[in-house]
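Just the one chain here, the form predicted alone, laid out as structure tokens.
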Amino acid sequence: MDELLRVESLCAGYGQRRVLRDVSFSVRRGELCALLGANGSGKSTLLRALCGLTDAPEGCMLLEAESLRDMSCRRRAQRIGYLAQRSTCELALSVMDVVLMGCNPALGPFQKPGPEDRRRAMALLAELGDAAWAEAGYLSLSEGQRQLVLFARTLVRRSPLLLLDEPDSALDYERRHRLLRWLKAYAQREEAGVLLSSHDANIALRYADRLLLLRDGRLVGQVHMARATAGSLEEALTKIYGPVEVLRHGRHFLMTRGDAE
């Protein structure tokens, strides 16, 4: 797989407060990378830094050696799809209008989304939730339904890199697994790179191609799931969670507390 994003010695934070220190990794086309770590480890800050929402990142290259630091906000928005952990969208709009907001970075002044944009938006709603939501009021939906709508908004313009901050946090068990299955297939089909943060290690173990492990703002490990064993996963995950036990069930791994009685 071709390298899509390269991060080298990234340091980022808020003002004088450094949160991330010397973080280096890459994301490849067709790859789903899961960012794991305890609360406050820097997962959200890392995603925000790559979007230019914190200090401009040095040493971050996207696609054809384009520096994220040198890219305009518009250019970055065209190349990166970002879904924040918490939505600030409280507008009295239809679901379709909210999804089509994702087209804005690719539109010129006074230009509106076209028929193809609407067809893609409708297809995404049908695949991720329910096409019948299109004309419903966004604010009338449940929190989980809104999260799926915002996910569709992130995907509608086919950005090559997706940065997703806990995209499944408001979803029930079945929709969570359905979303991650869909996202993994999407990354492979569209040759998109996906970097998502998660507090659910077992979701990451099941669907990610690679795990990136953060602790106290530093990357303390990476695990390629195709080469992982229960033992290597235990060793790696213990660095961020404390004592854990990893069990193999068929083709998948499950993590539980290592000190459980």
Partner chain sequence: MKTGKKLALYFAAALVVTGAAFAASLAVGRYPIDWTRLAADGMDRRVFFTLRLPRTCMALLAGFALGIAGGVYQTVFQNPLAAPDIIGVSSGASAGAAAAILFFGGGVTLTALLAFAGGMTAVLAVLALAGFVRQRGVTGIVLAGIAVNALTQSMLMLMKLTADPEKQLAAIEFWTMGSFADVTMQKLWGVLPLVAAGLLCLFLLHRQIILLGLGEEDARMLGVPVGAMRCAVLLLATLVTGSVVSMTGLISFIGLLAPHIARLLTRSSRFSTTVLAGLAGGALLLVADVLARSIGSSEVPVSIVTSLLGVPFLLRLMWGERNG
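Predicted model, so just to flag it, every value in this text is computed and none were measured. Numbering follows the first chain given and starts at 1.
Same protein, other form: the form predicted together with the partner chain, not shown, and the subject of what follows.
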Original post:
Hey, in the predicted complex, is residue 167 touching the partner chain, heavy atoms inside 4.5 Å?
Top reply: no
**OP:** Find out whether any non-hydrogen atom of residue 43 is located within 4.5 angstroms of the partner chain in the predicted complex, and reply yes or no.
**Re:** no
Original post:
Applying a 4.5 Å heavy atom distance criterion, does residue 115 contact the partner chain in the predicted complex?
Top reply: no
Subject >> Non-hydrogen atom contact residue 225 with the partner chain in the predicted complex at 4.5 angstroms >> reply: no
**OP:** Spot the stretch among 140-148, 178-186, 107-115, 124-132 with residues whose non-hydrogen atoms come within 4.5 Å of the partner chain in the predicted complex.
**Re:** 107-115
Subject >> Residues 6, 25 and 193 all lining the partner chain in the predicted complex, heavy atom within 4.5 Å >> reply: no
**OP:** With the partner chain left out of view, choose which of 61, 51, 213, 203 has a non-hydrogen atom within 4.5 angstroms of it in the predicted complex.
**Re:** 51
Original post:
Looking at the partner chain in the predicted complex, which residues in 131-165 have at least one heavy atom within 4.5 Å of it?
Top reply: 153, 157
